[in-house]
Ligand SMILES: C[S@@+](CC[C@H](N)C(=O)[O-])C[C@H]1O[C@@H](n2cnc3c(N)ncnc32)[C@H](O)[C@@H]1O
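Take a look at this one chain, the form predicted on its own, written out in structure tokens.
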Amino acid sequence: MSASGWALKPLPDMSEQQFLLWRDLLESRTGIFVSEQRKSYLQSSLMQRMRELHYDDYQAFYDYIINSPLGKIEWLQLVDCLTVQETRFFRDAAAFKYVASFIRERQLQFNKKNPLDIWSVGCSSGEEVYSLAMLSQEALKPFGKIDTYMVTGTDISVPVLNKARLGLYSQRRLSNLSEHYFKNYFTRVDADQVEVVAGIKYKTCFAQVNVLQLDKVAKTQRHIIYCQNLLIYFRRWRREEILNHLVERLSPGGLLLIGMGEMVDWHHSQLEQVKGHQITAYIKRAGHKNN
């Protein structure tokens, strides 16, 4: 069968046993939990990669991932298909508005020796990281401190991190940006593509981090940890585990921001919840330092 013919070949539905195997593998390696209601999502994501490799059996493909010497390499590609990567510039207006006010109110503590340090957890293809960098630039510009911030983006997927580092986006991805941001922070590459300007790229970095292994991440004290639209894909006990690790890496007085509804009725002894801004955010109480 030709390659094009194979790509069009219909694949069978997953059996219940196959679904459970793949669901457990995904959760054990990434923490992401796929409910029965989202079985079709898991199946369609697997189909995409199976067609590329000419597999038509879910069990055979599973055995290849688990047992083949090349299985670890293939998993890095497959995880890109299995993890959700929905994002856009300035995705949550209320959250970014609060971040901007937080930065302005605390600008006196930031300088070249102690720059504003922001961590975007689950950054996907980079829009969130560059949004935070542009926002920081705008917030600090009136105080003459445009060189006193840095933004780190982490994600489990190597392919999306590579995209993020390039900083190339189709113009339609910028449809919700103001003319000011478009003119000052992007350059046109061709009729469709634009690129983040070098000055903003210079203030960002990207690294692969699996949130199941946050205990291995250095306890660098971040001023802002931005973790929106990530926790919803995990079981509650796992969300608590992730948040506890993030709190350990948040500086006293620092801001932890998560998605609305991602962690209802959660409390932490070191945090005070922000009230009245249509966001879910916490400030780390002063005096709490990590070992």
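Note that residue numbering begins at 1 and tracks the sequence as displayed. Predicted model only: the values in this text are computed from it and were never measured.
The discussion below concerns the form predicted together with the ligand, not included here.
Here the chain is shown alone; which of 91, 163, 201, 145 has a heavy atom within 4.5 Å of the ligand in the predicted bound form? Exactly one listed residue reaches within 4.5 Å, namely 91.
* The unique member of 210, 101, 187, 220 whose heavy atoms fall within 4.5 Å of the ligand in the predicted bound form -> Spelling it out, the residue with a heavy atom inside the cut-off is 210.
Q.
Within 4.5 Å, heavy atoms only: does residue 30 come near the ligand in the predicted bound form?
A. Flag for residue 30 set to yes.
Give a yes or no for residue 230: in the predicted bound form, does one of its heavy atoms lie within 4.5 Å of a heavy atom belonging to the ligand? Yes, contact at 4.5 Å.
- Message: My question is simply whether residue 131 lines the interface with the ligand in the predicted bound form - judged by any non-hydrogen atom within 4.5 Å.
- Response: Output for residue 131 is no: heavy atoms all beyond 4.5 Å of the ligand.
Next item on the list: Answer for residue 124 alone: is it within 4.5 Å of the ligand in the predicted bound form, judged on heavy atom distances?
Entry: Yes, residue 124 lies within 4.5 Å of the ligand in the predicted bound form.
Check: Pick from 151 to 159, 188 to 196, 164 to 172, 110 to 118: which stretch has a heavy atom within 4.5 Å of the ligand in the predicted bound form?
Finding: Result of the contact check: 151 to 159.
Stretch 239 to 268: residues contacting the ligand in the predicted bound form, 4.5 Å heavy atom cut-off:
None of them.
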